[in-house]
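Encoded as structure tokens, the following chain is the form predicted alone, with no partner shown.
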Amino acid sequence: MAVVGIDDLAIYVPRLYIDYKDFAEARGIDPQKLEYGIGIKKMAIADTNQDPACMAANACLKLMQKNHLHPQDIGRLYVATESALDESKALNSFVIGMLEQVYGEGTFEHAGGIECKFACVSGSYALHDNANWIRAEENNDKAAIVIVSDIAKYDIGSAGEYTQGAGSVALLIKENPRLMAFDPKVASTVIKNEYDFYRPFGKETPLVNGGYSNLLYLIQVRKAFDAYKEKALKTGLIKLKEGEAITDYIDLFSVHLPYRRMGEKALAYLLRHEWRHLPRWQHVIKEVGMDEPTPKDPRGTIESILADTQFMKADEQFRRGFMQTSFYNEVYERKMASSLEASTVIGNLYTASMYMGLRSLLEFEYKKGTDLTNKRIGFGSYGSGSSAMVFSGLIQPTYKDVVKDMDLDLEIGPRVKLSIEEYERLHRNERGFSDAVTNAQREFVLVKVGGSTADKAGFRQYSYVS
């Protein structure tokens, strides 16, 4: 079987941002709630002439230019998003139209692809669809590009407003990748019809059941992890000894990050699930200083667990205690902390959040001097509605060729801090696309929407600004 994985990746993040201190003051909350409770210092905000399509095209162009790729090198181009621009026309067709402004008309006509939607998990489905396309040798020696691109936007004054952001990540998928090779035959999914988070047709911002969604994320990723564990043991990818956990064989973690703190909670939830039946658990309990609580109805629904207020209060106390133990902190610092750095200064990216986490992990571990050769990364991807995917991959010996030039600040570029008044004007769409805050430089921007006739309604035009 062909060795397939991620050869390289490129990012695009809008240069506008809100500072958490200004945001906290405007909303009358303690800044520490944002810095420590949520884990955010800056939230990237899209300018008036930016949308998920041009952000996707910008990330893709960066990826192609840095790898000296030509259109004929690419056989597929997928875009995963939950910020679709059209009920019919796929986002990747907009992207191809923009790229052909640079590479020539018709240069990408052979590159098939679709827009993928399943909230934040769809990028992972797109990734594995294209990996299997290459494994099946349908690719004719061509690579695939998967782009994850989103704008996380919530109603002003809502709880979700703290977790906004915007950006895109383009991933180059090919045989014998320099960066990371997917572990074969272990990717696992779970799916269920839920209304934890959704955005009805015609609504710009989502409807969110926050507590329900957070718990569902944890439960669904755990279920997918259990399926992954079963496959990893069956295939012989991982061989457990007495008293060991699967998490002991995962060297690094990258998970879905609606906000930084949620990643920390996800790791704690997974470790508790994996460790509570192992000998080490009695030492964990001793350090926490209390027994792990159980709900009145352990097999109950999420609603019944959330309604069990006595359990929820006790479980929160236990979780906080667990996350202060040496057991948790050793794993967190060594395996996850670096993946959360980018989230702190960018915010929520929906489909792109976990892959920005991967990008963050690689850069900041490299800067720490960690040798990542042959280290296994475990991914916990989640999308509301709801589905989770857990998979893993091995970092390749050639990874430093890719990672050595990564610089998050340099790649984002000089940033412009918005006042709360300016941010709220952008949020309410009071400025047109021709009234952008920043000047575009070497990037695609939106230049026109609609036309003079009814058949041009919603027609979007983009231009590359050199």
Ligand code: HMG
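These numbers come from a predicted model, not from an experiment. In case it trips you up, residue 1 is the first one in the sequence shown, and so on.
What comes next is about the form predicted in complex with this ligand, which does not appear here.
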query: Contact test in the model of the complex: residue 120 vs this ligand, heavy atoms, 4.5 Å; finding: yes
query: In the model of the complex, residue 165 touching this ligand (heavy atom, 4.5 Å); finding: no
query: Any non-hydrogen atom of residue 37 within 4.5 angstroms of this ligand in the model of the complex; finding: yes
query: Residue 313, heavy atom within 4.5 angstroms of this ligand in the model of the complex; finding: no
query: This ligand in the model of the complex: contacted by all of 3, 142 and 392, heavy atom 4.5 Å; finding: no
query: Listed residue that, although this ligand is not shown, lies within 4.5 Å of it in the model of the complex (heavy atoms), from 273, 199, 319, 223; finding: 319
query: Listed residue that, although this ligand is not shown, lies within 4.5 Å of it in the model of the complex (heavy atoms), from 89, 265, 375, 229; finding: 265
query: Interface stretch in the model of the complex with this ligand - options 90-98, 169-177, 183-191, 378-386, non-hydrogen atom within 4.5 Å; finding: 378-386
query: Sequence-ordered list of residues in 231-247 near this ligand in the model of the complex, where near means a heavy atom within 4.5 Å; finding: none
